[in-house]
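Read the single chain below, which is given as C-alpha cells and is the form predicted on its own.
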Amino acid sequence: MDLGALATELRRITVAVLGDDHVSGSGVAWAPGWVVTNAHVARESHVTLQRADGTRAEARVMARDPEEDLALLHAPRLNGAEATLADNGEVRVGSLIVAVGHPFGVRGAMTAGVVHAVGPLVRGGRPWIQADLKLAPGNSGGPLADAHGRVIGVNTMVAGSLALAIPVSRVMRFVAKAR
C-alpha cells in the first residue's frame, strides 16, 4: 500500500468548505453535484466549496441535521471524483484508516491510525467509529477511509484522544432521506 497514492486519491474527493474565504471545514464529494459535511461546518444556507485543484463552486445547504451532525450540500457545478463507499461490516478494530481534511487551513493534510472501537461511547448512545488518529479544526466533515480509499465514515469531532466519525451507513441513510 502506497500512502502517498492513497492521499492523492482521497484529496480528489475531499473539498474545503469555505466561509468568508477561510476554511471552516471539509466535505466529501458524495455524488455528482452533492457533498456531505458536518452540520456544524455548514451553518449558513450557502457555502463555497473548493476542490484540491483550486476550482470553486457555490453550494446550497439542502438539509441539516444538527443531532446527527450531518449536512447535505448541492453544488451543480462541482464536477470530478466522488467517494467510493465501504460496507460498514468491513470496519474492524485494528484496521488501518486515514483521514484527509484541511486542519487549521492546511489544505489536503492526511493523518493515519487504526480503528480503536466501533459502537456507542455510552450505553444506548449512537454508534461511532472511534479512531486513534489526529483530527484538528478543519478536519470536520472530511472522509475517514480504509487502506483501499473507501470511505467508512465522516469525521466529526475529538473525544479525549480519540477521533470520532459517523459511520457510512448512518450517512447513507441521511443522504437518502435528504435527497
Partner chain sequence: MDALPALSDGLATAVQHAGRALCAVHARPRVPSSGVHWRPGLVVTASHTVRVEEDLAVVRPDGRSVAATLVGRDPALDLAVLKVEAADLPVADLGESDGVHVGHMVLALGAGPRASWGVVSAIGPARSRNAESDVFSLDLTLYAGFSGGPLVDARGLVVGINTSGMSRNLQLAVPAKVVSRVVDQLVRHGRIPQAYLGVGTQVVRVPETVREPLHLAQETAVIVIEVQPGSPASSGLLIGDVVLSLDGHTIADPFDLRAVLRPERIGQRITASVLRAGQRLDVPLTVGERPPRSR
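Numbering follows the first chain given and starts at 1. These numbers were taken from a predicted model, which means no experiment stands behind them.
Just so you know, the form predicted together with the partner chain exists too; it's not on screen, but the next bit is about it.
Stretch 141-149 is the contacting one of 43-51, 141-149, 28-36, 64-72, since its residues have non-hydrogen atoms within 4.5 Å of the partner chain in the model of the complex. When contacts are defined as a non-hydrogen atom within 4.5 Å, none of L18, A57 and V171 contacts the partner chain in the model of the complex. Within 4.5 Å of some heavy atom of the partner chain in the model of the complex lies at least one heavy atom of R92. In the model of the complex, the partner chain sits beyond 4.5 Å of every heavy atom of P127.
Though the partner is left out of this view, L135 does not reach within 4.5 Å of the partner chain in the model of the complex, counting heavy atoms only. The closest heavy atom approach of L96 to the partner chain in the model of the complex falls within 4.5 Å.
Contacts between 97-123 and the partner chain, taken as any heavy atom within 4.5 Å in the model of the complex, involve A112, G113, V114, V115, H116, A117.
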